[in-house]
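The chain below stands alone and is given in structure tokens; this is the form predicted alone.
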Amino acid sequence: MFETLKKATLDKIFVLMAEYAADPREGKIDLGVGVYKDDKGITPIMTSVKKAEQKMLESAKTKVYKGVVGNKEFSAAIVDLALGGVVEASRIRCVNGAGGTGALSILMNVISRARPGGRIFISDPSWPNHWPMAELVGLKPHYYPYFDAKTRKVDFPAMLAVLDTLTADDTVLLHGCCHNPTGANLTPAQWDDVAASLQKTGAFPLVDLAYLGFGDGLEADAYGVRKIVSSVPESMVAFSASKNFGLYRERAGVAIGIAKDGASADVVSSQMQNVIRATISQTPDHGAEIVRIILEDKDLRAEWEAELNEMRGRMQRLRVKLAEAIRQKSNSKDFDFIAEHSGMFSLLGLPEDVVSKLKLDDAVYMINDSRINVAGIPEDRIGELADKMLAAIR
């Protein structure tokens, strides 16, 4: 049996994680894996999450299945949080996903059933898992321009030029906010133009909403997804609670399908449920129930939002401090873009040999395309990190 197989290529992020864990050097710096870290370098459990989990444990009476659609109250709370009532509820159907990736997988499977072998357009660059996920379900991925490596900004004219050529048989995968890996995001006016393009071409939008609240705040970050779903008759949204609730291992996500009317929405729901049943049968609920409790409890929601604001503020502070440190030490504005971008990630634009040198010589770990997790920057060592980066570049 297995003699017909070849060794699969491992995800570069997980390879980097293993290399970092095996590195015995003191003072090593992990800028690779995309998890939030506090000023002690720990990925904490949010206080609001602990309180919600305690409430759940005290009131829980069973571990029985929630049903194929999962925790309906969790889904409803997320739809309210993300979409804010811009779409009539009768057009929306949801199922829980095993994290945002699970939600994306469900939605891509349904899209593939609707358009077998159809084209899906993904930003260049994008989260590395988008492309293989699309291929796995039989979609044909293509890139649309997104990031200008010279200006370190969104190349919006090039992006829009490609989007305007699409057809009603095409799907466009959009980062709802906090673009991964660049940290360069669309402005509200640019989101308006994307929505107008989709209205004109009929291309189908799939929005990956993995970092709501990590950019400019919950409401500001939701502008793009709300503009898109309110502008077109059909769309899909994959929501992840991994980052903004710190529920990484709990795998809490929602697959949201929006159809032109209730009857069509019921068809979409049946397809999403069929995908779940044929793959994992039932969705996990522990993380989903934690989020439900937080969003339905006034005090816990306020506490969670305060914690989220603190996390976002810390990441933006780290951006500013690193950009300032590099500017002061190099007398150059070449890395000022770090402070101008937002979210968890930034794409530094370093050559692979520089990235390798930083890892081998200085124990500074980042993805080989020079994407860094901003939250992984040790605040008390920013000057040292800037020195190491500049020395490696020279």
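From a predicted model like this one, the values you see are computed outputs, not experimental measurements. Residue indices: 1-based, along the sequence shown.
Just so it is clear, the following notes concern the form predicted together with a small molecule, a form of the same protein that is not shown.
- At a distance threshold of 4.5 angstroms between non-hydrogen atoms, residue 180 is in contact with the small molecule in the model of the complex.
- The small molecule is not drawn, but in the model of the complex it has no heavy atom within 4.5 Å of residue 292.
- Not displayed here, the small molecule is kept clear of residue 382 by more than 4.5 Å at the level of heavy atoms in the model of the complex.
- Remark: residue 33 counts among the residues lining the small molecule in the model of the complex, judged by a heavy atom distance of 4.5 Å or less.
- If you check the small molecule in the model of the complex, you find no heavy atom from any of 175, 214 and 312 within 4.5 Å.
- Proximity to the small molecule in the model of the complex, defined as a heavy atom within 4.5 Å, holds among 204, 147, 127, 304 only for 127.
- In short, of 49-57, 350-358, 66-74, 33-41 it is 33-41 that has heavy atoms within 4.5 Å of the small molecule in the model of the complex.
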